[in-house]
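As a starting point, one isolated chain is supplied in structure tokens, in the form predicted alone.
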Amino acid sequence: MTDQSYQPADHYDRVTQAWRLLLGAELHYGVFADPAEPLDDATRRLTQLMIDGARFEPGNRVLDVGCGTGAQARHNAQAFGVDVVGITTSGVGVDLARELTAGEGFTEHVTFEQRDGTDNEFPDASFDRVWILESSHLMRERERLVSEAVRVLRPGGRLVWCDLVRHRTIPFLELRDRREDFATLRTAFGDARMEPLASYQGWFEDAGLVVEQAEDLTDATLPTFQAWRDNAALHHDEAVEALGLDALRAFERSADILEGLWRDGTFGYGLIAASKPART
């Protein structure tokens, strides 16, 4: 049964401004070539992996599901000559993305709307590319997200996805013993649910896509947590003003918890690139 009381938008409305300080301008994990490299370089590398999978062509119409503040949408529009529609359930996120986009002069090619990725209401086959970056773990109905993304994708189009994944099932007794840790994660990052990379691959394939790449990026994303802790120390006062001291402490503790879950083989990170067969 779906929990109708849980609204990811409420979480994003509260944390969006502070996360730009803590997670970096792109608001996502990094893929590190070296653990000591700057977080911004590592987040750009993850974005580049997504771009490689998307294979943009000038004039493509792109749906960015869970667009955050629109950093990737603006970059892709400028760099590749595509038109991007970013969607998120967060009204604060939409307002900030529009403000930033207007400031950079991209409003002709980048727009943002408050819509649900699991019921986006766009017409069938209305996009050439679908981009899903770190939003699926906060959606209860992952298979509906997949079916909606595939529905609006044109034949011959491409989809790229990346997110946190689960490598093992956590036994009930372990969940009970670690309930405080998981409560801390919910406070900091919302009520997330992770699924195995193989599950996402299966859902995309069942929906009619050809999965060309399914890559585990767990090791390369591990240094992200130290970078977050460093940002929390660097921007302590601003983060406290935006979030409150208790929430900042929960964020710092969450970085420790997630790092442990990465190291013990519970959670990790994956990327999928897939195509929709052209009509014959």
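When you see a residue number, it is the position in the sequence shown, counting from 1. Because the structure is a prediction, the values reported are computed rather than measured.
Beyond the structure shown, there is the form predicted together with a small molecule, which is absent from this document and is the topic of what follows.
- Only one of 85, 209, 77, 133 lies close to the small molecule in the predicted bound form, with a heavy atom inside 4.5 Å, and it is 133.
- Here is the short version: of 100, 139, 165, 188, the single residue with a heavy atom within 4.5 Å of the small molecule in the predicted bound form is 139.
- The small molecule in the predicted bound form comes within 4.5 Å of a heavy atom belonging to residue 115.
- In the predicted bound form, the small molecule stays beyond 4.5 Å of every heavy atom belonging to residue 30.
- Using a 4.5 angstroms limit between non-hydrogen atoms, residue 184 is distant from the small molecule in the predicted bound form.
- Residue 62 falls outside the set of residues with a heavy atom inside 4.5 Å of the small molecule in the predicted bound form.
- Contact check for 68, 72 and 89: all three have a heavy atom within 4.5 Å of the small molecule in the predicted bound form.
- Residues with any non-hydrogen atom within 4.5 angstroms of the small molecule in the predicted bound form fall in just one of 250-258, 212-220, 54-62, 22-30: 22-30.
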